[in-house]
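Next up is one chain by itself, shown in structure tokens, the form predicted alone.
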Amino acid sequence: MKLHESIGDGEELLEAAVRAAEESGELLLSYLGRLQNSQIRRKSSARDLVTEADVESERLLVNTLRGLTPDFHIEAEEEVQDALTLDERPRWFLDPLDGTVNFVHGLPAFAVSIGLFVGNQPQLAVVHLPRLGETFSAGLGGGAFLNGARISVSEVDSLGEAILATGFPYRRNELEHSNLENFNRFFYDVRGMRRMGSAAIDLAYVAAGRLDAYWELHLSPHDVAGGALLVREAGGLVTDADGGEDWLRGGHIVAAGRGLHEVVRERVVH
């Protein structure tokens, strides 16, 4: 791996991040199918949910990673948002339960997502799917793996042979670009469209070649910080919808194999 010098032992840190994600996954499974209404609340809308499982998973991740890397910053979905600084201090991005709506409804497509960055450069990534028993991991320059086996993006280069994935924002009725128009631009030209309900899973599946491309709008850093490095280390391309590098905080992302990326990106309006 070719990690930034501030990271230290990348192999050891990646193994620790995998363990932390799997421990959080066990915690999530202990809640699955057992949540009470009092343990579920709304955030920005009736579609945007947070549960006691989200919060407890985040606290477990934060406590573990703070103990391992006390000088690193953490930016998580629910409670922890360390201030942005001008230095290049490493920063963990944590999504303790990506796919909360799926989780609440008993669907197996949910994940724990961890990404480590220095500045805007991803260094380490873990996406763990506890209900499906799959752990995706990557380190900069070291390749991408699923349960220890190397993975790579698909070589599909035409929409007619492609399965694409996307998602839709919780506040879609309030936004100028709800992404439905983009969906319609692809609908008749592709082999299939999928909506997993988890950006981390969509990106991990692109990395594994199960999906040929993924795009989405109105995202947060914790949604994409882990999965994007998986795609890049599996041989794919990740950009914002303009073809640039502002995908972490810019809100929109396109990820695909090299033969399909530009074909998809040029149709996405944001």
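Treat the numbers as computed from the prediction; the structure is a model and nothing was measured. From 1 onward, residues are counted along the sequence shown.
What follows is about the form predicted together with a small molecule, which we do not show.
In the predicted bound form, at least one heavy atom of residue 199 sits within 4.5 Å of a heavy atom of the small molecule. In the predicted bound form, the small molecule sits within 4.5 Å of a heavy atom of residue 168.
Contact annotation: residue 138 falls outside 4.5 Å of the small molecule in the predicted bound form, judged by heavy atom distances. Residue contact check for residue 182: none of its heavy atoms lie within 4.5 Å of the small molecule in the predicted bound form. The contact residue chosen from 195, 105, 191, 150 relative to the small molecule in the predicted bound form is 195, the criterion being a non-hydrogen atom within 4.5 angstroms.
For the candidate set 90, 130, 99, 122, a heavy atom within 4.5 Å of the small molecule in the predicted bound form is found for exactly one residue, namely 99. Contact annotation: the small molecule lies within 4.5 Å of heavy atoms from the stretch 211-219 in the predicted bound form, the single such stretch among 30-38, 211-219, 237-245, 55-63.
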